[in-house]
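Next up is one chain by itself, shown in structure tokens, the form predicted on its own.
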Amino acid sequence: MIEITRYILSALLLAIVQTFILQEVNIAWWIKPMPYVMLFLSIPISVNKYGILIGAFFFGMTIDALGGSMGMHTAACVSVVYIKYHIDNYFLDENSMQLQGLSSIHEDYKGWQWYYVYVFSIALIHHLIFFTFDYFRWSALFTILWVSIASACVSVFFIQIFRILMSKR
């Protein structure tokens, strides 16, 4: 129960930081960091998948309601949680993680290179879905790809900053 409360409070904090601080920051007019993807990375592997999908839906709706983005965050959040579940089933060994004392993805599992490739790929999937709905036209295909890659890089940077700040507590 304490873990659920911790995730809910973390989600609210990340939603507030995203909508009131990072959404207003212009990093070269087109880069939009979304470090709230960190919330989905910290979900334990052995959690109820349908509950996480519902939680991602309400989390995305919260960001959409606060930021006025008309469902783009909701679609991206639900999609990335669904895709992450299948990526985790394919690439991760839950028994090995439990033997190492890990409940979620961490640098100690397979090393920092693997961890950052994993974090970047999840952030990139999220950003591709978000910016596809944001631009929503074929003529913007290369813009979607470029903005998604650049924003995912900046998001991974912010995720690392938040991880450092959270570990110092």
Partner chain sequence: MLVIFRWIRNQAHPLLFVLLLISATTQIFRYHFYQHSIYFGQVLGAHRKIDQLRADVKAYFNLKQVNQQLIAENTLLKQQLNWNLTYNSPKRDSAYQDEKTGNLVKYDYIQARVIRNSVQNQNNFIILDRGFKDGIKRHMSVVSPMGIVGVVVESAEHYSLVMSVLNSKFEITPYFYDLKTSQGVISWNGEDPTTVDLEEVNRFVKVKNGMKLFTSNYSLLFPAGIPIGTIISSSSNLKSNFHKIKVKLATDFGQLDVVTVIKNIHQKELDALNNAIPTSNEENNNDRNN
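On a predicted model such as this, the values are computed, not experimentally measured, just so you know. Positions refer to the first chain, counted from 1.
Missing here is the form predicted together with the partner chain; even so, the following discussion is about that form.
Q: Against the partner chain in the model of the complex, would Phe133 count as a contact residue? Criterion: heavy atoms within 4.5 Å.
A: Yes, Phe133 is a contact residue.
Q: Check Ser42 for me: does it contact the partner chain in the model of the complex (non-hydrogen atoms, 4.5 angstroms)?
A: Contact with the partner chain, no.
Q: Is Trp112 close to the partner chain in the model of the complex, meaning a heavy atom pair under 4.5 Å apart or at it?
A: Contact check for Trp112: no, nothing within 4.5 Å of the partner chain in the model of the complex.
Q: Check Phe157 for me: does it contact the partner chain in the model of the complex (non-hydrogen atoms, 4.5 angstroms)?
A: Phe157: no contact with the partner chain in the model of the complex.
Q: With the partner chain taken in the model of the complex, which residues across 64-81 come within 4.5 angstroms through any non-hydrogen atom?
A: Ala65, Leu66, Gly67, Gly68, Ser69, Met70, Gly71, Met72, Thr74, Ala75, Val78, Ser79, in sequence order.
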